[in-house]
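In the block that follows, a single chain appears as structure tokens, in the form predicted alone.
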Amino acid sequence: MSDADSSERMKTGISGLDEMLRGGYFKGTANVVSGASGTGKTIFGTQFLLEGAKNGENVMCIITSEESKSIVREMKTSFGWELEEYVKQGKLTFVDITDPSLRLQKSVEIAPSELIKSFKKLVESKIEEIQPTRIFIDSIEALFLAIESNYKLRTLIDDVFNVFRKHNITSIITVGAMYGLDEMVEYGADSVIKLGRITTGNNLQRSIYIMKMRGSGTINEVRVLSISDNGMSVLAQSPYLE
């Protein structure tokens, strides 16, 4: 299968990653970034959104586990990224599902599948209002942890992903490594990137590899993921010491 031309691709904004993806993500796809806590998933998704906002696109960040102001503060102190500026320009919109005004508080009265239904409705109305080209969900396990049936879980994950696909939005969805939920989320995705940490002797390296990408060849290697003052980049070297 040949790789599509660049007009069908969306640049990630992460140096070295587009090469591994043979030109970036396909537009309108649901892309999972999976890894344990502290592997860089939030930085990855934020950098992807920032690339769009810098290019004049409307982008949206959906936060399920903490308030948006903590991400804004963290990205400013770590990398000098002024997310607030893009919010003021109307290019970046945050959706906090923990915000009481959205009536999506974690509540014992709301059945998990009802919560997801409300979430989908909220996201669809925001999409129609904002018309984003990129969406980042950080992180999706908060929505799905209470679903006990695997069949139901898979259906609900597909439902959420299909909201983005239907609107031709390129989305990044992060998921932590917990209770096998990551495997279920990965199964429904158009692509999966795995972030990790590798220890060799006294040396600790961050790592990245592409687990799958539908409809495209990729560079099938584990590479070093570097996080510096400028953000995240992928180095053309292996994290395993020779």
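Just so you know, these numbers come straight off a predicted model, no measurement behind them. Start at 1 with the first residue shown and count on from there.
Although not depicted, the form predicted in complex with a small molecule is the subject of the following passage.
S.K.: Would you kindly say which of Gln131, Ser78, Ser118, Thr155 lies with a heavy atom within 4.5 Å of the small molecule in the predicted bound form?
M.R.: The residue in contact is Ser78.
S.K.: Going by heavy atom distances of 4.5 angstroms or less, which of Gly38, Gly180, Gly217, Gly56 would be at the interface with the small molecule in the predicted bound form?
M.R.: Contact check passes for Gly38.
S.K.: Quick one: does Arg206 come within 4.5 Å of the small molecule in the predicted bound form, counting heavy atoms only?
M.R.: Because a heavy atom of Arg206 falls inside 4.5 Å of the small molecule in the predicted bound form, the answer is yes.
S.K.: Taking the shortest heavy atom distance, is Ile43 within 4.5 Å of the small molecule in the predicted bound form?
M.R.: Yes - in the predicted bound form, heavy atoms of Ile43 and the small molecule come within 4.5 Å of each other.
S.K.: Report whether the minimum heavy atom distance between Val222 and the small molecule in the predicted bound form is within 4.5 Å.
M.R.: No.
S.K.: So if I measure heavy atom distances to the small molecule in the predicted bound form, which of the stretches 30-38, 180-188, 207-215, 56-64 falls within 4.5 Å?
M.R.: Correct option: 30-38.
S.K.: Relative to what we see here, could you say if Met178 and Glu67 have their Cα atoms closer or farther apart in the predicted bound form, with a change of 3 Å or more?
M.R.: It is closer: in the predicted bound form, the C-alpha atoms of Met178 and Glu67 lie at least 3 Å nearer than they do here.
S.K.: Indicate closer or farther: the Cα atoms of Ser68 and Lys41, in the predicted bound form, relative to the displayed form, with a change of 3 Å or more.
M.R.: Distance between the C-alphas of Ser68 and Lys41: shorter in the predicted bound form, by 3 Å or more.
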